[in-house]
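The form predicted on its own is given below as one chain in C-alpha cells.
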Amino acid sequence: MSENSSASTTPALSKNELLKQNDPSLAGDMAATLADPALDRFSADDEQFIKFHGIYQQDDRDRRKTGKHYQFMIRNRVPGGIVPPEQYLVFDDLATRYGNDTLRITSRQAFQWHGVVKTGLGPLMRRINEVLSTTLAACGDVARNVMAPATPATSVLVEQVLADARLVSEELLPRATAYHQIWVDGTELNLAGEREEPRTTLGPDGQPLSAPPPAEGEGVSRCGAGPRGAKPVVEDALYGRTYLPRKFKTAFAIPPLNDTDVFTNCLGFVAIVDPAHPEQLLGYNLLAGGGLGMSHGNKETFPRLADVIGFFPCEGLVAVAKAVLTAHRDFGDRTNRKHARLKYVLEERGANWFRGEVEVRAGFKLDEARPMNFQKQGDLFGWHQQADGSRFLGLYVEAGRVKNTPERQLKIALRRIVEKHRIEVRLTPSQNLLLTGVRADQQADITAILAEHGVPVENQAAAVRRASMACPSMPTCGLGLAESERFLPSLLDQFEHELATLGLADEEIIVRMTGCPNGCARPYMAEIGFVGRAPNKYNVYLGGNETSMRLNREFRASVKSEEIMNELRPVLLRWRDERQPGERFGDFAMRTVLAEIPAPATA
C-alpha cells in the first residue's frame, strides 16, 4: 500500500477536534461578538467554544414560526451541590434580572439560568464570578461538575467526601485563560500572565465579600486559578491542546445510598470504611466507564454501567482521578463524537487493560475492590436531624425548576428564608434541594414562610412524584425531540390517579423522562423511563431498580403521549396482582414482563 493510500484510510478528526486544535485558548471570536450590538448570537464555531465556558446557545422553539429568537443557557459549577447563602441570593437575583425568573437545578447538582439574551451574558457571568463561583468547564469536552452526596444525615462521612469532591473538581479544572479575559471583570491577563489588578468579590448587597480561607488539603475554585497556577498557556498542562474527546463525568457515593447514580459516570469513587469504625474512611473503590447517552437507531451507541476497577487509599485520590481522565484523553475516539465517551474505551479494551493503564499513570498498584452494599437511591424530604445537632429540610422541587406559580411561590419563599436566616442551600442529584444547618429556633419560622407561599413541609408530593426527574427539553434545548419538563407533571397526574384506583397510591416508582436519548435525567436507570423519540412520542423503558445499579430495557417504542397509560395500565395491574411480597415495580417488570420480550440483539 502506498503512503498516500494509507493516509487516505486514516479516519479524519471530527470538526470539534479541529476547532480545539486550532484555538486551544478556547477564545474564538467571542469577545468581538459580545462587543457588537448588531449581533444576537455567536458563530457556529464559537457556539462550540462557549460550551467550555458553561454556556449553550439556544433559541425559543415556541417562537420559531416567527424566526429564531436566540437566547442562552448558563450552567455553573457547584461541586457536591453546596451553595452558601451569599451565592444563592446572587444566583436568585440573576435569574430575575437576566433570565426567565427561574433557577433550574440540574441532575448533576448545579444551577442553570435559562432565557438569557446576549446583552445579559456579560453582567451575569461577571456576577457569578464575583461571588466566588464559576461556569468554567460546566459544559464542553472537559471534566464536568463533580457530584457527591449532599444530605448531612445519611453518613458521618458526608463532609469528608464533599471535601474530596471539591479537591478533585479543582484538580481537574482546565486553565483556559480566555475565560478570565472575556468574563471576569478587572482580571485581564497581561502577557506575563500576572493579574493586573486584584478582584473584589461582592456579596448580594453589593458590598465587598470576604472569602473564608480554604481548609487544609481542600481545593477551592478561584474561577480557574488553582494548584496548576493561573499563568496563560497555549496548551493546558493536564488536558493538552485538544482537551478531551467528549465530556467526562465524575461522582462520589457513600453506601448504602447511591444518590448520585455513581455507576452512570465516567469516573466513580465509592467510599469504603473500616467495618469496625464506620466513621473512618479507608479509601475508595474506583469505578470507570459508565455513561447513558445514545442515539436512536444507532446500535453502536448505548447506555453502559461502570466497571469496578479496584480499591485505593485516600491519599491516591488525585493521582487516580488524573490517571482516568488522561486515559480518556489519550485513548478516546476523536473521529466520531458519538463514540467518544470513556465508556466505549472500557467496552472495547476491557476493565483489566484499563486497570493496568490507571496503575501506570497513577504510579501505584490498585488493590482488589472492597465489598460495597448499596440499598437505595433518592432524597430525604421534610425535617431531619444533622450529626452536629442542627436540622435540615428536604424540599421537593418539581422537575428541578425553582419558580413561582399562583399556587406555589417556591422561589420567593426560598429567597426570604435565605435572606433572613442565612441558610446554606444544597442541591441534590435528583433535582431537589436541602436547607442545612438550621438551628432549633429557626425551624418554626422557616416552616411558616414556606406555608405562607404554598410550599408544604409534610406530605410534599405523592411518592411517585417525589421519585421523578425530567430534563428541560422544550422550548429551550436544541436537542429535544419531545416534551419533558412541561409534560411530566401532567403524566404524573395520570400515574397518581391510576395508582390510587389500583390501591397502590403509597407505592414509590422511580419515573424519569428526557426529551431525547442523551439521557440527562438518567431515564435508563429508572423503574419506568420515557425517552423522547419524536413530537408527542416516547420510547418506554422498564426494569431499573431501587439501588440504581441495573439498566432498564425498552418495553415499547414510539408510544404516543396520550397512549402511555393504556400501555402501562395492564403492567401496573399485573404488578398489583402477581408481585412477590415487597417486590418493587422495576424488579417485577424485569422478572416478568421483560422476560417475556426477546432481548434486543447486540451490535
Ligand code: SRM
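Numbers follow the displayed sequence, beginning with 1. None of the values given here were measured: they were computed from a predicted structure.
This protein has a second form, the form predicted in complex with the ligand, left out of what is shown; the following refers to that one.
Of the residues given (Ile509, Val397, Cys520, Val168), Cys520 alone sits with a heavy atom within 4.5 Å of the ligand in the predicted bound form. Only one of Thr106, Gln87, Thr134, Ser468 lies close to the ligand in the predicted bound form, with a heavy atom inside 4.5 Å, and it is Thr106. Among heavy atoms of Met372, none comes within 4.5 Å of the ligand in the predicted bound form.
Using a 4.5 Å cutoff between non-hydrogen atoms, Asn545 does not count as a contact of the ligand in the predicted bound form.
A residue is said to contact a partner when one of its heavy atoms sits within 4.5 Å of a partner heavy atom; Met147 meets this definition for the ligand in the predicted bound form. Taking the partner from the other structure, the ligand in the predicted bound form has a heavy atom within 4.5 Å of a heavy atom of Pro472. Of the candidate stretches 89-97, 383-391, 477-485, 490-498, only 477-485 has residues whose heavy atoms lie within 4.5 Å of the ligand in the predicted bound form. Although the ligand is not shown here, in the predicted bound form the stretch 60-79 places heavy atoms of Met73, Arg75 within 4.5 Å of it, in sequence order.
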